[in-house]
Ligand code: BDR
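The data below hold one chain only, encoded as structure tokens and taken in the form predicted on its own.
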Amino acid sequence: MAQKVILDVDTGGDDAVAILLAGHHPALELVAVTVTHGNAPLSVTLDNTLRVIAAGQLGHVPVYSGALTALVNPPPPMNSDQRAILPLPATDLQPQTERAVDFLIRYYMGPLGPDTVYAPIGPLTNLALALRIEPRLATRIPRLVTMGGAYLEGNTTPSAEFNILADPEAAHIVYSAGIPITMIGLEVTAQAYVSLDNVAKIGQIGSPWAIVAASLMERDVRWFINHRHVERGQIYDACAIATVIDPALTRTKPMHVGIELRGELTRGRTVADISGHHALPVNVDVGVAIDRMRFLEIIRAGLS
């Protein structure tokens, strides 16, 4: 039986690949997609999400518009690539009239909630708001598999990864709620690197969604080539969805992870008790390694 999953996205290129993978891999049933601010303002991330749903022939999957901004502070600066509308055809698809937070409460308090993994691959604002309204959600979500954080070094500041820094207060609420969490952070995504040759082979699969995914993956890999001067890129959010598909793909270590909210240089850091020597209560299964070749196999299988 396929694993039910709800994605929460701030759609840029890597979110788009994650949506297409979740929507087409036979191991998953994509129940819904909720959208938040993050990579860009909500108006852009929602437009991008609907374009991906249409281009990927996933029009049966409902989309719910969510949080307009972070709980407390304005978002971190975004570059023009993040704010861009994806190069996909415009669509007349529309989001549901129900908002994302209301949908999450209704769904997870319903009979299918305990069978449905929640996979937030952007800022955690939607779930944080839902938990503030209905704290019992923490006992209804069986597992949260998130792309976010880093236990060594951030990518937006030396301390913080973008998704967490975009709303640290929301991350604090979610990480403190008692939900079983698998954190797919930068240490994992860096190991699951993708080359232009890998992307070309995905495009050769020939399905409409593989062609869309390959075009967006090539765009992301070329960003790394041009800006980081490496011959490979990271498709961050696809790593989280691949882990939902095959939990054995990613090796994890149980740790206590707290969210830094006040540090001048460390706001948004996912502070992990890596060694366990501090004997803090474990709240997160932190990804420490991933099987890169298996990751690529999962992407190819899902887009075939």
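The numbering used is simple: start at 1 and walk along the sequence shown. This is a predicted model, so every value here is computed, not measured.
Not pictured, yet referred to below: the form predicted together with beta-D-ribofuranose.
- Stretch-level contact check against beta-D-ribofuranose in the model of the complex with heavy atoms at 4.5 Å: of 266 to 274, 42 to 50, 233 to 241, 248 to 256, the positive one is 233 to 241.
- Proximity of Y107 to beta-D-ribofuranose in the model of the complex: non-hydrogen atoms within 4.5 Å are absent; the residue sits far from the partner.
- Contact between N126 and beta-D-ribofuranose in the model of the complex is not found at the 4.5 Å heavy atom cutoff.
- In the model of the complex, beta-D-ribofuranose lies within 4.5 Å of some heavy atom of D14.
- The shortest heavy atom separation between Y151 and beta-D-ribofuranose in the model of the complex exceeds 4.5 Å.
- Of the residues A130, A192, I121, A170, just one reaches beta-D-ribofuranose in the model of the complex with a heavy atom at 4.5 Å or closer; this is I121.
- The partner is absent here, but in the model of the complex a heavy atom of F162, alone among F162, Y175, W209, F103, sits within 4.5 Å of beta-D-ribofuranose.
- Scanning 143 to 157 for heavy atoms within 4.5 Å of beta-D-ribofuranose in the model of the complex gives M147, N155 in sequence order.
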